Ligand code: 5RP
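As structure tokens, one chain now follows by itself in the form predicted on its own.
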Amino acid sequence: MGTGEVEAAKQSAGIAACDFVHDGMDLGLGTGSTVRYTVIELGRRISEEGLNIRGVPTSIETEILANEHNIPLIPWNQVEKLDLTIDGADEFDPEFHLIKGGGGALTREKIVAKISHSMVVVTDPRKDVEILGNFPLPVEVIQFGWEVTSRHLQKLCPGDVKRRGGDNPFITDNGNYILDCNFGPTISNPVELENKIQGISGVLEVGLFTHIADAVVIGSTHGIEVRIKPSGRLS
């Protein structure tokens, strides 16, 4: 897929995911280049079709975009649960497990996804894999002692563990670092690996999202494919 085709695929998937949204919903608004089109389309439906929804953004970037498109946002102190989260993914496997965090918003994304009744992922065919891990696995870690945290992660990871940004480190919206772990396509048991990484001191969150996604909307030059998890909350 060329650059233009990829962008068109992202746009079509982002817009198609809006069909899961119904009047009166409280939504988690994900972060990334694909779900950006979802946020824009939701804003259009609010202004042109009278759609009545509220949103919770997963990043400062998404908050700014939602405000630009006049999507009402819910203050965090008023959030108990959400009806649906729509977000992107860097990879997804046949069991609907995900790698997320390429944009660095994995912690807020997981917090929002876990208080949602269901989750829809918007993506393109490049992210469809048999085994997770070709995309470097992001891990958000606190700055204090990050070198030690990195060494602990290295014991689990067969490839390099690198601080994102190197000497000019990427800083998350939460004020932390991202360590990108190059597992390669070896993550055959993402649930177990998620638990192991979350048990390392200094780790705030890991970009493995297991047993969270209920549907994947895949945009391509051939159209839209929607996969619903058979045992999921939308089946």
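Each residue number is its position in the shown sequence, starting from 1. Note that the structure is a prediction, hence the values are computed from the model and not measured.
The next section is about a form of this same protein that is not shown, the form predicted in complex with the ligand.
- The shortest heavy atom separation between Lys127 and the ligand in the predicted bound form is within 4.5 Å.
- Taking non-hydrogen atoms only, Gln198 never approaches the ligand to within 4.5 angstroms in the predicted bound form.
- Mapping the unseen interface onto this chain, Gly103 counts among the residues with a heavy atom inside 4.5 Å of the ligand in the predicted bound form.
- Ala89 belongs to the set of residues with a heavy atom inside 4.5 Å of the ligand in the predicted bound form.
- Between the options Asn174, Thr186, Asn182, Ser33, the residue in contact with the ligand in the predicted bound form by a heavy atom within 4.5 angstroms is Ser33.
- Figure note: of the listed segments 68 to 76, 81 to 89, 146 to 154, 110 to 118, the one touching the ligand in the predicted bound form, with heavy atoms no more than 4.5 Å away, is 81 to 89.
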